[in-house]
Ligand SMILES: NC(=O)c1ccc[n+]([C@@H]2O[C@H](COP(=O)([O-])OP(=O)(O)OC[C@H]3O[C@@H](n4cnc5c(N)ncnc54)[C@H](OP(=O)(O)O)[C@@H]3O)[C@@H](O)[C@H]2O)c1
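One chain is shown next in structure tokens, namely the form predicted alone.
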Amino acid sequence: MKQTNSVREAFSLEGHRALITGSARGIGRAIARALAECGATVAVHGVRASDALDQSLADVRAVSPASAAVTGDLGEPGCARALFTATSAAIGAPDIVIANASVQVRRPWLEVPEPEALLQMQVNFHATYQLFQLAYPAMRQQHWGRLISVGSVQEVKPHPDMPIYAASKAALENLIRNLAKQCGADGVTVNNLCPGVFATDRNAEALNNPVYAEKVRAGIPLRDFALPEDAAGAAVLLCSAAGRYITGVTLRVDGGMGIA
């Protein structure tokens, strides 16, 4: 057991390599920047090359010059392996994997077509599982690693028009509790970072409706929407030595929305 000498040291990620999927914008981008600021070398990820991905990489490289960008559609078969291989080539095998990429579709449950349901489960659940499988052996060998899924408050408060998305996030929460018991003895923590309603591009259209926005805000004890940066500190905690004794948990960053 290694003891740190200061709070600053406890949150340092110097020498670590992180892959954050879906980090061209929003929560993923804020987490990537935060990990880089704490010293990690970061692989930012987008489905394809884009201005947003370039901007995210520029943010990260400003504080972590060896960082890189990787691309790939996690909805496609074999993408998780290709993405892991590309990341390992660019920055070295990641000892931090944060599975943030997801697909979210609003549609009444009786109208959800099978391909759409399967896509959401592939990106949100199966790709996460596959990346964890790929990253774990090297983490086990070095007796240090962080596996983090990014869930959703819908794990406990499912939206009626997002049944598959909510179910995929609930599946992740169960997976994390399962894997944490199996990975702990190898020095690898496994956790679920669970956002509530964030003011991101994904939610912009819905929250631009003032009536709907006020209804949602009224259901949040803190009476405000989160910003992407609100997830960054929680991610750093779970990745760093400061969070070394935290595993198998769902850390909710939801303004109290998930309170029963």
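Remember, predicted model here, so these are calculated numbers, not experimental data. Start at 1 with the first residue shown and count on from there.
There is another form of the same protein, the form predicted together with the named molecule; it is not shown, and what comes next is about it.
- Annotated contact segment (heavy atom within 4.5 Å of the named molecule in the model of the complex): 192-200, selected among 35-43, 59-67, 192-200, 216-224.
- Among 74, 131, 166, 179, the residue placing a heavy atom within 4.5 Å of the named molecule in the model of the complex is 74.
- The single contact residue among 80, 188, 97, 150, judged by any heavy atom lying within 4.5 Å of the named molecule in the model of the complex, is 150.
- In the model of the complex, the named molecule stays beyond 4.5 Å of every heavy atom belonging to residue 87.
- In the model of the complex, the named molecule stays beyond 4.5 Å of every heavy atom belonging to residue 170.
- Though the partner is left out of this view, residue 102 does reach within 4.5 Å of the named molecule in the model of the complex, counting heavy atoms only.
- Contact check for residue 252: every heavy atom lies farther than 4.5 Å from the named molecule in the model of the complex.
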